[in-house]
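Shown below, as structure tokens, is a lone chain in the form predicted alone; questions about how it binds or moves come after it.
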């Protein structure tokens, strides 16, 4: 496995792979790998000849009061896990390389960024899109792999690729969960044992919505109220949003009459967690 920490070297290496006729898959990450990250890598290996995994904790997508400095990092462990699943190249640039003095360009998605997480995290998705676009230009992939746990992120990146005519295929991978049902996230490491028990309410809420839909409920206000009761009955929880939205536009719906995304964001103690599922999939 190659470890590359220089932007120009990474660009040259990717260009050489493409000139040799190899297909390249990129898995962009912020490190602190768990099984969800490794599944993205496995999917990348299925779809391409060569797999590039980037590790970069992107300061541009963190707000002033968010956890950039505290965000969990373990490069030695990450490299061992990436090599174990057969990663060909790990690209791990510094913030100084990615955002040198004088950097001032950003990419935004006006409507999609203003919904769901974008309401409580203004500027977050500008940072996401900007760093992802830079990683695309640096690693030159044919396809890029993202987890569906960050559904809004996946939707916004797909929109950017379409709007800017980027010749990259975006592949979404279903949510990977812990044995207790919690969606895998690097931020799960922040939870105390008691907070983790409370966090189970998120998966329970998603399951309840599916059950209500199966029983014939289609009215969103009734479903949202039931889910909010489950979440707020737990200690340590505070709801950011419980959203039923269109899978492409992310606009709120009031009646489920086709495929709908149920997205949750909940503070559990001081940790912000997200999760989602698709209701009426394929309808």
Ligand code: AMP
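Predicted model only: the values in this text are computed from it and were never measured. Positions refer to the first chain, counted from 1.
There is another form of this protein, the form predicted together with adenosine monophosphate (AMP), and it is not shown here; the text below is about that form.
No residue of the trio 12, 137 and 141 has any heavy atom within 4.5 Å of adenosine monophosphate (AMP) in the model of the complex. Residue in contact with adenosine monophosphate (AMP) in the model of the complex (any heavy atom within 4.5 Å), chosen from 153, 130, 198, 87: 153.
Contact with adenosine monophosphate (AMP) in the model of the complex, judged by any heavy atom within 4.5 Å, is made by just one of 149, 115, 203, 81: 149.
Screening 205-213, 176-184, 93-101, 161-169 for residues having heavy atoms within 4.5 Å of adenosine monophosphate (AMP) in the model of the complex returns a single hit, 176-184.
The closest non-hydrogen atom of residue 229 lies beyond 4.5 Å of adenosine monophosphate (AMP) in the model of the complex. Remark: residue 30 counts among the residues lining adenosine monophosphate (AMP) in the model of the complex, judged by a heavy atom distance of 4.5 Å or less. Though the partner is left out of this view, residue 219 does not reach within 4.5 Å of adenosine monophosphate (AMP) in the model of the complex, counting heavy atoms only. In the model of the complex, adenosine monophosphate (AMP) stays beyond 4.5 Å of every heavy atom belonging to residue 246. Along 58-80, one residue reaches a heavy atom to within 4.5 Å of adenosine monophosphate (AMP) in the model of the complex: 71.
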